[in-house]
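Coming up is one lone chain in C-alpha cells, specifically the form predicted alone.
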C-alpha cells in the first residue's frame, strides 16, 4: 500500500528547495528567461546551497551529482536490505519542488540528465563507471549529459528514426540529425539512438554514447523557445561521426535482439513520472498565485454567485493537481519496488501535464489583466509559457493515452 507521508529527508529536501526558490531563485527567474541562460556561477552556488540546506545525501541524490547520478534507478544503496528504495520518490519530491521555483533551472542543473537512465539500465559496468565518473567532482568544471532520440521526422514515432549507424572495423559511423536536445550543446556526452536499417523498426536500433569533441559530431542551432527559455535546447549533427565500439551502449550482446533497445526505452518509465512531478510544481505555483490574488481581492464567504464561481474554479484546479500528484507517486512507488509501471508512468505524465496546463490557464483567467503582465515580479505569465511543453516532451499526451489504452486492453480477457 502506498504511504503518501514523506520521510523526514524528503520533507527536508522539499522545504529546502522551496525556501531557496522563494528567496533566491524566483527573484532571478525573469532575468534568466530574458537572457536565455542561468550562469554557471549561480549553478555552482545553488548546488552548494542545496547541499547545505538539504544535507549531502538528499541533495546529491536529487541533483544527480553523487556516486549514482540521476537518482531513481536501481536499488537505493542507502536503504537497509529488504526495505524498498525511496530513490524515485525522492527525485519526484525534489522535481516538483524545484519546478515550483523555476523548471528551467531544474533542466539546466549539471549532471547526466536524461542521458543517465539508459546508461544505468543498459550500460556495461565499465561504461557506467566511465561515463558517470566525470560527475563525481565538478569543483573545477561543471558537466552535463544529454539524451538524443528525437529527430525532425521522428518525435513520438520513435520507430521512424533515420540516423544511421554502420559498423566499420572497430568503430561505428553515424550520420543524422537530432533536435530538441536538452543541454545538447554543452553536454560532455550524449546518448544517441541510430538504426542499422530503418526497415527493421526497433529491432534495428542501437544506442551509443557520443562524447563531445568526437570528429563529425557538432552542434547545429540553439532553439529560441516560447517557454523554459533559460534551458538550453540544441540541434545535434552527426556527419561520418566515428564512435568506438566501446561506446555502443551495453555492448554488442545487448543489441542481439529488440530487447536491447526496449531496455533503453524502459527508462521512460522512470523519467515520465518526473516530468509529471515537474508539471505539478508549475501548476501548484500558478494555483497558489491565483488563490492569493483572489483572497486579497474578494471576500469569498459572502453569498455572491460570482464569488462562489471563483471558489469553485479554484477548487477544481486544486482537485486536479492533487489527483495528478497521486498518479505521480503511484508510478514512482512501483518504480522503487522495481515493478512494471509503464501504464502508471504514462498516466502520471499525461494527466499531470493537462492538469498543470489547466491550472495555469485558470490562474491567468482568475487574475485577469494582472495575470498577463510580464513585469519584474510577474511570474504567472512565465509559468503559462513554460507549462505547455510538459504536455509534449517525453512523449505527447496523445501518445501517453495510446500507451495507457494498449496496457489496459492487453489485460482484458476475451468474452
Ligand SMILES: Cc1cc2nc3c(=O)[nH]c(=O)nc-3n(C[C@H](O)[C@H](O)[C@H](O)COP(=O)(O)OP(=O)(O)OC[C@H]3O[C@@H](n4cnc5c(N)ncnc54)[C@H](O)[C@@H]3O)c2cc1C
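Computed from a predicted structure; not experimentally measured. Residue numbers count along the first chain shown, from 1.
Only in words, not in the display: the form predicted together with this ligand, which the text now covers.
Contact with this ligand in the predicted bound form, judged as any non-hydrogen atom within 4.5 angstroms, is confined among 38 to 46, 384 to 392, 25 to 33, 355 to 363 to 384 to 392. Contact between residue 402 and this ligand in the predicted bound form is found at the 4.5 Å heavy atom cutoff. In the predicted bound form, no heavy atom of residue 86 sits within 4.5 Å of this ligand. Interface residue remark: residue 155 is counted as part of the site for this ligand in the predicted bound form, having a heavy atom within 4.5 Å. In the predicted bound form, no heavy atom of residue 266 sits within 4.5 Å of this ligand. The partner is absent here; in the predicted bound form, the one residue of 164, 247, 150, 121 having a heavy atom within 4.5 Å of this ligand is 150. None of 194, 114, 238, 105 but one reaches within 4.5 angstroms of this ligand in the predicted bound form through a heavy atom, and that residue is 114. In the predicted bound form, the residues of 207 to 243 lying within 4.5 Å of this ligand by at least one heavy atom are, in order, 225, 233.
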